[in-house]
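Single chain ahead, by itself, as structure tokens, in the form predicted alone.
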Amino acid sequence: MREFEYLRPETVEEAIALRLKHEGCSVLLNGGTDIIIQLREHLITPEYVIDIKRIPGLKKLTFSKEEGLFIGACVTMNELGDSEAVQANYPFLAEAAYSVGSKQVRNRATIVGNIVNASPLCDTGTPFYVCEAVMCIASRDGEREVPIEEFITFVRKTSLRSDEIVVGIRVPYTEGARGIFTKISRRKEVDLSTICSTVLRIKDSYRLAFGAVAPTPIRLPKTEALLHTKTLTPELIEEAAKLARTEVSPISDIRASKEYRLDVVEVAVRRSLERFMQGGAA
């Protein structure tokens, strides 16, 4: 691991100032489960590492039906999954958080870090996509909110500027919404997704999002439109599963072939909708 200077700002404003001062030669350290590996394997070689873990307010985790769920930048996977408010109102999000790595990893890995990392297969991405979450971003000019679909722009790429820091994620609350999270991987535990998905039902409409089938997590607008306001039947479910297959563009890699992923997308949609038809889902 190359030597670097360790910096620990005490405020968001100080962290932003350090980002600007060391633009192009620094990285932010939060949970560290990705950054430490990248440092150790010389995938990144920053001169400065800016640790934001102890900045007051970044551990904030709050919920109300009026404001929805707010997840601070330093909230870990286990803290989110263990939250009674999340389990009661977004259980599919809690399930996604619990699916990441081992318990030890989840004690360090943060929800925001999982999104900022911008991996196509980030497990918490699809719940946020169907919930239409927004990224809360601070800069020297103030704060702005960016829809998550506009935040993740490509593989490992985001719309975050060099003078900005993500301070949290805001997830709207919708009365009566029910969701199903699915993760398919080579091993049952402690593995990356071959594909992951979330299907959300709000009254008589559906939102579907998939990961590991495109350069970013994606929604399936044609399948959503097909299902909108319709009563689920075996025939409609089969049509939706076949249509979903046409809306993704997976690649073949070490985890699975393109053809396998296409088949699994179809199966995931079919099984999720069948659970809804049978009265399941959290």
Partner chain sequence: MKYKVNFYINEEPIELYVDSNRTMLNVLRDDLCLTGTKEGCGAGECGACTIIADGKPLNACLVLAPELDGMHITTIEGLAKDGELTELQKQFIKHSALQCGFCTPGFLMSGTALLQENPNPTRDEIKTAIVGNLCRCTGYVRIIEAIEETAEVLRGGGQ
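Residue numbers count along the first chain shown, from 1. These numbers were taken from a predicted model, which means no experiment stands behind them.
If you look for the form predicted together with the partner chain, you will not find it shown, but the lines that follow are about it.
S.K.: With the distance limit set at 4.5 angstroms and only heavy atoms considered, check whether F70, R156 and S257 all reach the partner chain in the model of the complex.
M.R.: So, no: the whole triplet misses the partner chain.
S.K.: Ok, S185, N117, N107, T174: which has a heavy atom sitting within 4.5 Å of the partner chain in the model of the complex?
M.R.: That would be N107.
S.K.: May I ask you to choose, among K222, R219, K60, K53, the residue with a heavy atom within 4.5 Å of the partner chain in the model of the complex?
M.R.: After the contact test, the surviving option is K53.
S.K.: F4 near the partner chain in the model of the complex, any heavy atom under 4.5 Å?
M.R.: It does: once the partner chain is placed as it appears in the model of the complex, F4 has a heavy atom within 4.5 Å of it.
S.K.: Is it the case that E79, even though its partner is missing from this view, gets within 4.5 Å of the partner chain in the model of the complex, heavy atoms only?
M.R.: Contact check for E79: yes, within 4.5 Å of the partner chain in the model of the complex.
S.K.: Can you tell me whether K230 touches the partner chain? I mean in the model of the complex, with a 4.5 angstroms heavy atom cut-off.
M.R.: No, K230 is distant from the partner.
S.K.: Please determine whether R275 contacts the partner chain in the model of the complex, using a 4.5 Å cut-off between heavy atoms.
M.R.: Output for R275 is no: heavy atoms all beyond 4.5 Å of the partner chain.
S.K.: Where does the partner chain sit in the model of the complex: which of 209-217, 249-257, 31-39, 236-244, heavy atoms within 4.5 Å?
M.R.: After filtering at 4.5 Å, what remains is 31-39.
S.K.: Where, within 178-192, is there a heavy atom within 4.5 Å of the partner chain in the model of the complex? Residue list please.
M.R.: Stretch hits, in order: R187, E189, V190.
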